[in-house]
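Shown here is one chain on its own, the form predicted on its own, set out as structure tokens.
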Amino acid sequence: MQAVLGVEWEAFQAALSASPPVSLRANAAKWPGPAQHDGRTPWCPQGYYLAERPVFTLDPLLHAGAYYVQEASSMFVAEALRQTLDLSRPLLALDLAAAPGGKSTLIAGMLSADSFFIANEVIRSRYNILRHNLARWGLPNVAISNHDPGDFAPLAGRFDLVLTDAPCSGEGLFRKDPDAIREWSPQQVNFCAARQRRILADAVRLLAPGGVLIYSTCTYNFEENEENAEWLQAEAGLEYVPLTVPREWGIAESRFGCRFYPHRVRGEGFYLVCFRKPGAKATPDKPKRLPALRLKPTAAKTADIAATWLKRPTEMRLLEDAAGRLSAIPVTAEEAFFTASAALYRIEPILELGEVKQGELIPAPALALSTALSDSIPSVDLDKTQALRYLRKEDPQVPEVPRGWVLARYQNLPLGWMKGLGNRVNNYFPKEWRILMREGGKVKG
């Protein structure tokens, strides 16, 4: 880094000893942003800096999907999207290594409503975190998948956007994550660079002609950044797309892509580069379908019951699995979803509806958080104390709750389901989502 930065080395070193900035990105579909903040990120209109770090776990707005706690430099993906794609038209997009979901929620929020977005994660435990975060974000034109990048091969030539935020050596996180320092070695850098190139090779094949590949890491070394970018141009045949970056943003431009240094920007170390696949877009052949698709259109009677819970049911396609669990995707995404389902067995819409039993929908947690939910669903507004009790899966101690299924809300944003039973209320917040932290930062048990 001394060789790379020259006279800036001391400022860089001092920045690594300073406290990292705190930032979040608002969900424009749910929340206008914090009333008090410490400035906005220049490259992402929904990004905000905070003067100090609150206890996010104890903020019900986080659990309602009002915002995502995201490192500011990585929000630069928003600027890359604006400069490389026509976001007003329908796009087929993929985040190939998506967990925990920061960049996926950002992309989902910027795509048009008639686009379709797949967020993929290969590691199962991280996949469940991704699923939770995208469910909280609440946008219905999203599916999640649990596959190795190579499994996408039957979908070659289809995607208008592929984001590859590849696993890296994490040099840009040294001041935030002490584990990143302990795990670093020259051997780890070489291992990461080789793994990234394998993932990038899969990503390149998935691009449609004219499609955009965004490659990013949270590290500094050239092996994982510019050398991989050079390979994408020389060996993979992609066209480098330089981005226009205002000087006052403090971003360093290299021979390929943009570099973020903590002494130059209010953010962590980050690298991003954009490429385009040459050629005019053509309609690819449909892949062969699997012998039996896991999700199929719902029977009319069941669909009629579930449709009453949706804001615009005629614009949604209701699906059902073998166990009777219902989900939904926008009609505009139906063809893309079933095409992807023919190649990927572990793919599912983010919008789960629930199950119909004895003529009644038992609603899924994701339905409560979805922007597709009907505005006519009964609700109860909770104060912060009641909301935290609800999020701990305790009795929220609400004096009066209507009979039947009711939305628990905080500041007009849904948190999940309760059911009024006359003399009591049942809390249906998922056990695996509940918070354990108490006021003062202590964890129960």
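Residues carry their position along the shown sequence, with the first being 1. Computed from a predicted structure; not experimentally measured.
From this point on, the text means the form predicted together with a small molecule, which you will not see here.
Query raised in the report: Ok, 157, 109, 354, 149: which has a heavy atom sitting within 4.5 Å of the small molecule in the model of the complex?
Result: That would be 149.
Requested in this report: Find the only residue in 85, 343, 192, 199 having a heavy atom within 4.5 Å of the small molecule in the model of the complex.
Outcome: That would be 199.
Query raised in the report: With the partner left out of view, is residue 89 within 4.5 angstroms of the small molecule in the model of the complex by any non-hydrogen atom?
Result: No, residue 89 stays farther than 4.5 Å from the small molecule in the model of the complex.
Query raised in the report: Does at least one non-hydrogen atom of residue 123 fall within 4.5 angstroms of the small molecule in the model of the complex?
Result: Yes, residue 123 is a contact residue.
**Report entry** residue 97, heavy atom within 4.5 angstroms of the small molecule in the model of the complex
**Finding:** Yes.
Query raised in the report: Heavy atoms within 4.5 Å of the small molecule in the model of the complex: does residue 103 have any?
Result: The answer is yes: residue 103 has a heavy atom within 4.5 Å of the small molecule.
Requested in this report: Would you point out which of 160 to 168, 357 to 365, 310 to 318, 259 to 267 contains residues with a non-hydrogen atom within 4.5 Å of the small molecule in the model of the complex?
Outcome: Contact criterion met by 160 to 168 only.
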